[in-house]
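Before any questions on binding or motion, here is one chain by itself as structure tokens, the form predicted alone.
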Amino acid sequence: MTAAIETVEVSKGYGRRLALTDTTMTIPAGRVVGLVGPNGAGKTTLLHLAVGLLRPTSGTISVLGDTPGAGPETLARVGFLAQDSPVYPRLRVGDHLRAGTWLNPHWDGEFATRRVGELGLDTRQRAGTLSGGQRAQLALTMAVAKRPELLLLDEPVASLDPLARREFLQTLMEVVAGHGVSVVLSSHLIADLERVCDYLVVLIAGRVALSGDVDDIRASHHLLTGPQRDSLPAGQTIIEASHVGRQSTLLIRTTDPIFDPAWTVTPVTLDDIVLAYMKQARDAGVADATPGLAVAS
């Protein structure tokens, strides 16, 4: 199956600052992918490259096997929802739907009209008077109604209250279930991602620190508590460590079983894992730490 997004040694610079540095990754199609990382990690830059708004400084990127933004048909295959859930404030809701008909060759007007009705949006209301949650839902409806194969969402729920976030994510999962669209969802809200995503990519300082199936990532990370020691067996990598007296608490990565009876082994959440990688990079100095964090997907 063609990858949703594939990059080979992609770098993107803004003046002297690199937002992405020699980034190589494969994001599989047919998945709901969570894209996480600290501010400035390169998440928005990656999505802008994927939709064709930017070009890489070096390296190559392909989206659904094509060059991003190569032409009308390529653009029609990708839906994009930017961070501020953009709509046209002075246009009415109905005007947005009519514009969608004119601008998108595969526009699904029946879906858009039905979805707006289900959301309780008045087609005569100007978009600028909608609540934040309503604007996000309208923008998502517009992105989905163009019938893309890949949907890119950049922090779409960051400014929404908990109920609006839940309703937005519920709509998203209904779309995925009903239309089989691939999704890449950037967010700081890891608990939300854990509910909807089955694949994860962690970006730190413009490089991939961790990627893979969510279930595999959770299964390969463990929290160990036991007597302090200087080393672990081969195949066990320490991601985060803390020591109190003679006791150690370690978050480790391993695919091997843990037989040492001195350790108490506790499952960890996706939130625990992501924060540990971010903390490791921060404490070690991001520029030096990130290459050592790389994990094969």
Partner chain sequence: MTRFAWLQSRTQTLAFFAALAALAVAAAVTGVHLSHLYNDLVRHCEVRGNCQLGISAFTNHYNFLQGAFMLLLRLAPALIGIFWGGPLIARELEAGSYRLAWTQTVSRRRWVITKLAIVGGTAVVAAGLLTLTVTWWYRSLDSIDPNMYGVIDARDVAPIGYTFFAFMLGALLGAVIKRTLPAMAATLGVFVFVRIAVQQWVRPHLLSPLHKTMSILSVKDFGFISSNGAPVELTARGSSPPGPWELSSQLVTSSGHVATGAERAAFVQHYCPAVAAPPPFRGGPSHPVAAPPGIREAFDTCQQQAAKTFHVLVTYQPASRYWTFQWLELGIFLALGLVAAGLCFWWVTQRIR
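Predicted model, so just to flag it, every value in this text is computed and none were measured. Residue numbers count along the first chain shown, from 1.
The protein also exists as the form predicted together with the partner chain; that form is not presented, and the subsequent description refers to it.
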Applying a 4.5 Å heavy atom distance criterion, does L54 contact the partner chain in the predicted bound form? yes
Heavy atom to heavy atom, is L130 within 4.5 Å of the partner chain in the predicted bound form? no
Look up in the predicted bound form whether H48 has a non-hydrogen atom within 4.5 angstroms of the partner chain, and give yes or no. yes
Answer for K146 alone: is it within 4.5 Å of the partner chain in the predicted bound form, judged on heavy atom distances? yes
Check, residue by residue, if R115, D192 and V208 all come within 4.5 Å of the partner chain in the predicted bound form, counting heavy atoms only. no
Please determine, with the chain shown alone, which of 178-186, 209-217, 158-166, 70-78 has non-hydrogen atoms within 4.5 Å of the partner chain in the predicted bound form. 70-78
If we test each of L121, L91, L223, V196 for a heavy atom within 4.5 Å of the partner chain in the predicted bound form, the one that passes is L91
